[in-house]
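First, one chain by itself in structure tokens, the form predicted alone.
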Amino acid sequence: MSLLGIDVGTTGCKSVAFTPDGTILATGYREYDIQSPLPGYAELDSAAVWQSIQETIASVTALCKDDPVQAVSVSSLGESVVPVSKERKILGPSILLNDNRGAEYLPLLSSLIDDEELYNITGNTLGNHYGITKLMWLREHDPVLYESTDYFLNWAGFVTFMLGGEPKVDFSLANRSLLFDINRENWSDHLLKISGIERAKLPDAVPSGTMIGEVSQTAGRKLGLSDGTILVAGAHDQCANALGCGVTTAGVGMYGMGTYLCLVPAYDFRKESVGMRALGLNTEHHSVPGHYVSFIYNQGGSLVKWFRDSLVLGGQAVSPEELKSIYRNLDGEMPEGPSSLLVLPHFSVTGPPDFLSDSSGLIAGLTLSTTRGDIFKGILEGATYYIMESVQNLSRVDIEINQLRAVGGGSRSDLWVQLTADILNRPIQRLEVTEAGCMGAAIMAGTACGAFSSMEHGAKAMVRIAREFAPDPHMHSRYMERFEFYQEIYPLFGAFLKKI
């Protein structure tokens, strides 16, 4: 038997079949483009993405016929939904979180509910990246689509629905709508009322790992899935990533090193709202029942890509193998110890605690002897210092992180992972299998079909550690000296940076 984990992202989707001991049997991947039909728009062609997802499933099942898939679950991007009919017809595109549509409703919502009450209900503060404002925009500006839609489904629930399952959403993805009562684990009557969104158009919410149907004969024949293949409620991608790292208990956190640097701590009860809001921390159901997570992040991975493409490659296209060679060279060019540069990583919108959208990046300390290795390391340090500011304050809300599990493309760099361990002063474990989203989805699938007695059991069976990086106390002390200077940059230059 095998377990199929599907991960649907903003620009690509992946399907991976695992054995219950965590061995990869087959992998399928497809990319797709973000559509921008008008300025400020950002959406996915729902039908085209669904076609790509089906292609990855079919390519995987064709390679594991001797180990047929027994259960399927999905990890997906968070806030975006797909409008569908009860007959499983796709009715329109999927609006992404960075689409400008819906911002005009923020003042109205803010006048009807304050941040404290909103956070107490949802575990989030108001913002246009959540689903609530996008649905309000559709209701007013595309009433034909809104009225004809039977269900607005997040991508994980959409995939299982199209495969034959019931229309459901797990708690973590329901949270990304800003319409979900995290305490009652159901849709909020108050938020539905003030937004004007109809409850009937939203799927029922269930815990991650809940069995929600079986693959239909039509879908099974088309995609190579057997009759009786179980469909399982999945999770928000960061929650699935955390499970796929083996983050199943308090005190352990995931450290994603991809386009975003994202630290996801797990804890086992809701924290008081005042302190959490002060630190800019959300509260969301983990994919592991009985646990919650928060997201500490910045676009450090994007900053690395900007440096690589603009200052190293100069816009030149290179092959994947050449990229690996370039990163190896950059690792070798980094100086020992802290960089002589200080980098403020405000090159894009920042994450918690400040969520700055009107600042700019800064590289301080450049001289004629500065090398690209100096700049590269300065960028890695600056992005990690930004995370450190939140980590230092977690004890104020009774969240502990004693150990981190690293995944993502950046985790392949020994030097980057060691630098992170030294700055954050936590041991970091790198995994054998880096497809954490698909792994987490497969663990949910295996738990629902009885392969595992619990998600914790599934994580122990499937997740394997490749290497541990212990923090160097001497290096941590040196980095903290530099961190004190880093903390002075924005207070000193913030007003100037806003004018650039």
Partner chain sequence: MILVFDIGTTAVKGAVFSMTGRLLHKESAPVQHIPSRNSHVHETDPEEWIRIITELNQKLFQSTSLTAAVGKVQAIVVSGNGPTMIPVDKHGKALSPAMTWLDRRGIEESGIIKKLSGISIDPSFYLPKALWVKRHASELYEKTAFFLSCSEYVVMNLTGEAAMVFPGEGLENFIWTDELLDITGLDKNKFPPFVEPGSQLGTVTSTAANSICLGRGIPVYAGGPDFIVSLLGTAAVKPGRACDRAGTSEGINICSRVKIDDTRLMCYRHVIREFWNVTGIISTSGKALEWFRDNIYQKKLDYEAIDERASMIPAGAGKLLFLPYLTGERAPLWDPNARGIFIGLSLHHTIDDMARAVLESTGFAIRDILTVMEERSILIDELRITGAPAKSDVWNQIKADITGKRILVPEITDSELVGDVCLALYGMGEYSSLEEVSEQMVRISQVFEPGINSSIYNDLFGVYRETYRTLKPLFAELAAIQEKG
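Because the structure is predicted, anything quoted here is derived from the model rather than measured. Positions refer to the first chain, counted from 1.
The form predicted together with the partner chain is left out here; the points below concern that form.
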| message | Against the partner chain in the predicted bound form, would residue 299 count as a contact residue? Criterion: heavy atoms within 4.5 Å. | response | yes
| query | So, in the predicted bound form, is residue 335 in contact with the partner chain at a 4.5 angstroms heavy atom limit? | reply | no
| query | Heavy atom to heavy atom, is residue 476 within 4.5 Å of the partner chain in the predicted bound form? | reply | no
| said: If we define contact as a non-hydrogen atom of the residue within 4.5 angstroms of the partner, is residue 481 a contact of the partner chain in the predicted bound form? | reply: yes
| query | Though the partner chain is not shown, can you say which of 319, 111, 402, 310 has a heavy atom within 4.5 Å of it in the predicted bound form? | reply | 310
| Listed residue (191, 391, 252, 363) with a non-hydrogen atom within 4.5 angstroms of the partner chain in the predicted bound form | 363
| When the partner chain is placed as it is in the predicted bound form, which of 363-371, 123-131, 96-104, 81-89 ends up with heavy atoms within 4.5 Å of it? | 363-371
| What are the residues of 335-357, in order along the chain, with a heavy atom within 4.5 Å of the partner chain in the predicted bound form? | 340, 342, 346, 347, 348
